[in-house]
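Just one chain is shown here, as structure tokens, and it is the form predicted alone.
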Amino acid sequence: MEYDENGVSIVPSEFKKEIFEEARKDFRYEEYVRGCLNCGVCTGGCPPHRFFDFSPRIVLQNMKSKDPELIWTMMDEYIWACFQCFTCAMICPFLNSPGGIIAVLREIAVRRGFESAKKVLKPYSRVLLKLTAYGNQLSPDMIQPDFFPDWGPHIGYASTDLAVKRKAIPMPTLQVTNLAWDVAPETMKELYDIFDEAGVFKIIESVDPSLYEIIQDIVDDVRSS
């Protein structure tokens, strides 16, 4: 990557065009990008538009312009402001889906290991570790203020005395705090095969190499057992 005199990266125009072509070749592109009346209905009904400098109409207009420069401007923080609620797709009179295009652009950012993707996905590293290594999306020991500050002011209480609270649950549980449920090794091996075929491990490697190494060690242990 080249940098200017201020240390800001200079992205070659060929690379920007490559990103646009990658999005355009996606099998969902023609379904998501149709005609546009420029009516602004999608932006009017967009929840994040109320809080951020984000507009689904601009997303669609930039994609229809086929200008790599305009599309590149969305590849940093812009594409991560979308809530992925798909309100835009439900109310668009031309059946466009700006939210769908955002999903495509996000996938490109993750596959290519863009810094914006690394920054956004870093807080979810513990979830990825639990899911890919143990088959659990969430476990009691993950309920910590530092990882889930958006859970509100009572998260501090919820994260204390986990072992006692776990045993107090009336329904049958594993009575442990590091797992929500127990997944059989045979099932985990099947999940690992699915993750391999779907490219999940490669994506994690590009976004968080350190996390990838930890997961691979666990995967290798389970597969060899």
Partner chain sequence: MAENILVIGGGPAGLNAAVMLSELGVNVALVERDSFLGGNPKKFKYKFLFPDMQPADNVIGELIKKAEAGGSIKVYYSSEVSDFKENGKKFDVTLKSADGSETKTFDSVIVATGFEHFDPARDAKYSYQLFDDVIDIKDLERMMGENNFVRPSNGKPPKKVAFILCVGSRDRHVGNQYCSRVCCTVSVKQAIEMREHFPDCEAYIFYMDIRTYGFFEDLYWQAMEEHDVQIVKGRIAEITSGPDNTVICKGEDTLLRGPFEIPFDMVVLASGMEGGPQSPEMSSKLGIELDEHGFLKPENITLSPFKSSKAGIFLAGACTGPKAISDSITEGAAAAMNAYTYAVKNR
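Residue numbers count along the first chain shown, from 1. These numbers come from a predicted model, not from an experiment.
Omitted from view is the form predicted in complex with its partner chain, to which the following refers.
This chain is drawn without its partner chain; in the predicted complex, the residue among Ala103, Ala81, Leu138, Ala89 with a heavy atom within 4.5 Å of it is Ala89. With the partner omitted from this view, the residue of Lys189, Arg34, Arg28, Lys165 that lies near its partner chain in the predicted complex is Arg34 [heavy atom within 4.5 Å]. Of the candidate stretches 60-68, 196-204, 152-160, 40-48, only 40-48 has residues with heavy atoms within 4.5 Å of its partner chain in the predicted complex. Contact check for Trp72: no non-hydrogen atom falls within 4.5 Å of its partner chain in the predicted complex.
In the predicted complex, Phe94 approaches its partner chain with a heavy atom inside 4.5 Å.
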